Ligand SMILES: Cc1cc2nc3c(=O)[nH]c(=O)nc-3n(C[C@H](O)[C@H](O)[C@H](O)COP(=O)(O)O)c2cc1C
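First comes one chain, alone, set out as C-alpha cells in the form predicted alone.
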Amino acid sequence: MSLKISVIYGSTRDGRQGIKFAKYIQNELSNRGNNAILIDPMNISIETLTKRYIDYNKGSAPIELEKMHQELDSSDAFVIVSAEYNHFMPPALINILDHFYSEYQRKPSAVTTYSVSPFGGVRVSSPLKAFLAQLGMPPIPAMIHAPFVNKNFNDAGERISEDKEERNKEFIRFSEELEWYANALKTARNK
C-alpha cells in the first residue's frame, strides 16, 4: 500500500549540510513507491510560534500554515530529520512541529539525525523521541544516524560514502519498519 510520508527537516543555518540527508531520505522513500514530501523551513514562511494552526478561525490561518496543515493531515507517517544543537533539537524544527497537533495523532514517526562529526547527531534522539510521543506521533524503534553528512551525501541527496551498500541495507530495514507501522496504524484509523 502506497503511503504519504512527510519528511520534516529542521535547520535554517547558513551552509546547512543536513538538507542533503533530508533529500536522501525523501528520494529513498519515493523509490520504494511512497509519496514522500519534504517540508523544509527554508521553503515555507511561518513565523515563530504565536498562534497554533488550531487557534485560527476556520479559513483564517495564513496560507503557508494552511498548506502545511493539509500536507501533515493527509500524511500517514513522519520522518524527522534533525541536527543536534547542544544535545537538543534545532529551534526551527521545534517551531514547525509545535504549530500543529491533531495532524499527528495516531501516525508513526521516525527519527533520523545527522552531523558533520562522527556521532551523527545521536544525542538528540532521546529528547526528540520523547517530544514526538507527546505530540501524538509515536516514534518507531528504528533510527538512522548519519555521521559526516557533509562527506557522505551530495547536493542531490545521493549517498556517496564508501560503505554505501551497508548503509543502504540499514535504510531498507528502517523503511520497512516505518512502512509496517504506518500501514498498521492507517488500517486501525480507517476502522
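Note that this is a predicted model, so its numbers are computed, not measured. Just count from 1 along the sequence shown to find any residue number.
In what follows, reference is made to the form predicted together with the ligand, a form of this protein that is not presented.
By the criterion of a heavy atom within 4.5 Å, residue 94 is excluded from the residues contacting the ligand in the model of the complex. Among heavy atoms of residue 117, some come within 4.5 Å of the ligand in the model of the complex.
In the model of the complex, the ligand lies within 4.5 Å of some heavy atom of residue 13.
In the model of the complex, the ligand sits beyond 4.5 Å of every heavy atom of residue 100. With the partner removed from view, the residue among 123, 32, 145, 129 that has a non-hydrogen atom within 4.5 Å of the ligand in the model of the complex turns out to be 123.
Residues of 67-87 lying near the ligand in the model of the complex, listed in sequence order, are 83, 84, 85, 86, 87, the criterion being any heavy atom within 4.5 Å.
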